[in-house]
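Here's a solo chain for you in structure tokens, the form predicted alone.
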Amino acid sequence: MATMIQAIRMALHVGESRLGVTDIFGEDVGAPLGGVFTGTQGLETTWNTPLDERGIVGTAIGLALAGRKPVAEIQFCDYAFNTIDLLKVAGNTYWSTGGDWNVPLVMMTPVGAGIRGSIYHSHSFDAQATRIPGWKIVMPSTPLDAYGLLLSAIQDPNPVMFLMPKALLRVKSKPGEDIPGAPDDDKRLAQMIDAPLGDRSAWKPEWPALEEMYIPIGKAKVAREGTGVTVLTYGRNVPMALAAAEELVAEGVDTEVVDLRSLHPYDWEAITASVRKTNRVLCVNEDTEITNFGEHLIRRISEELFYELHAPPKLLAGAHIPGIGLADNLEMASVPQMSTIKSAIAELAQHEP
């Protein structure tokens, strides 16, 4: 059973060994650290950059235009906001050159709360990302999805943002969701690919015989079938929504949880099918509630599926505050929790048409 960060590392290994990835770089991405979350330990094409997010994005664009295949990391998404103009360049190049040039790069960055990161290490980037045309945007909620989505991102000719929910990076895969080719013994896998503490100068990973597995970008997954309320969510909120749904069974509420996985393009067909089945919809994410990606989904659902609804669509999102507090109670009050998701689902279920 792999953790999400191990799945990401294994996907990057497949990328550099078979899929043409030439450069994996960012702050502390190279030796000896291998990334602040250990996502790049033992890889062959990693190198460290200065503490300069604009330089990282600009370099990735240049490498991609020069025919290389880079994977760049912004150490925390909180520091990606000062790169917006460059991200727009990466996204509009194919359009502005009439299809003559594209920018095939992957930008990885950890997002969201859940690790007591306080004001500078807890932001979300999903709503901002969806405002930059030309990018594909994915966020996994399981190790297997992280592996398959990252391989698809590497293969895609477009620029792709791979948003990593940092609170899930150490969560292990469930039985039956093992990474293809990796051992199902988590201790054995750790011995093979996790760097030891202390001196790593002589250490080399023992990569398993990994198999390629691609999850199409733009394809959602129904994480739980249900008939009473639809929850549209992604990333860290998926396991919380599933836990809330299981608790609500005793109260007679049957919840369908749709894991979007891709924010652009998103799976409108899956959303439509679920809303038509349940007639009630809740959008859940951590980004601040004003100009939230969930608001876009609610707007489109209201316009195109209005007569399918038995209750007003509902949004549960992060509070519109400048940052996330360090104290537990402040952080938990700032973004959705399992208890608040449960309450929102129950409220929708009780609404009379």
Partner chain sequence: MLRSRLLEERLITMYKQGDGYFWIGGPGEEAFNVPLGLLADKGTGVDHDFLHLHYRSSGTLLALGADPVDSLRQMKNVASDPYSRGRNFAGHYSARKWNVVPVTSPIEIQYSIAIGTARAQRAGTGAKGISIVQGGDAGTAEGDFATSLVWSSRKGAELPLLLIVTNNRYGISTPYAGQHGYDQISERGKAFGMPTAVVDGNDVEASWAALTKALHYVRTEKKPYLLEAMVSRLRGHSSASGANLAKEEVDCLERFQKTLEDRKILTRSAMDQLRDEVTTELAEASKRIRGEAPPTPESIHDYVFADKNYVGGEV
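Please read these numbers as outputs of a predicted model, since none were measured by experiment. Numbering follows the first chain given and starts at 1.
There is another form of the same protein, the form predicted together with the partner chain; it is not shown, and what comes next is about it.
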item: In the predicted bound form, segment of 283 to 291, 30 to 38, 44 to 52, 322 to 330 with a heavy atom within 4.5 Å of the partner chain; value: 44 to 52
item: Interface membership of residue 227, the partner chain in the predicted bound form, 4.5 Å heavy atom rule; value: no
item: In the predicted bound form, residue 79 touching the partner chain (heavy atom, 4.5 Å); value: no
item: 4.5 Å heavy atom contact, residue 312 to the partner chain in the predicted bound form; value: no
item: Non-hydrogen atom contact residue 296 with the partner chain in the predicted bound form at 4.5 angstroms; value: no
item: Residue among 94, 203, 268, 214 with a heavy atom within 4.5 Å of the partner chain in the predicted bound form; value: 94
item: The unique member of 118, 130, 272, 102 whose heavy atoms fall within 4.5 Å of the partner chain in the predicted bound form; value: 102
item: Non-hydrogen atom within 4.5 Å of the partner chain in the predicted bound form for each of 59, 63 and 158; value: yes
item: Stretch 106 to 142: residues contacting the partner chain in the predicted bound form, 4.5 Å heavy atom cut-off; value: 134, 135, 136
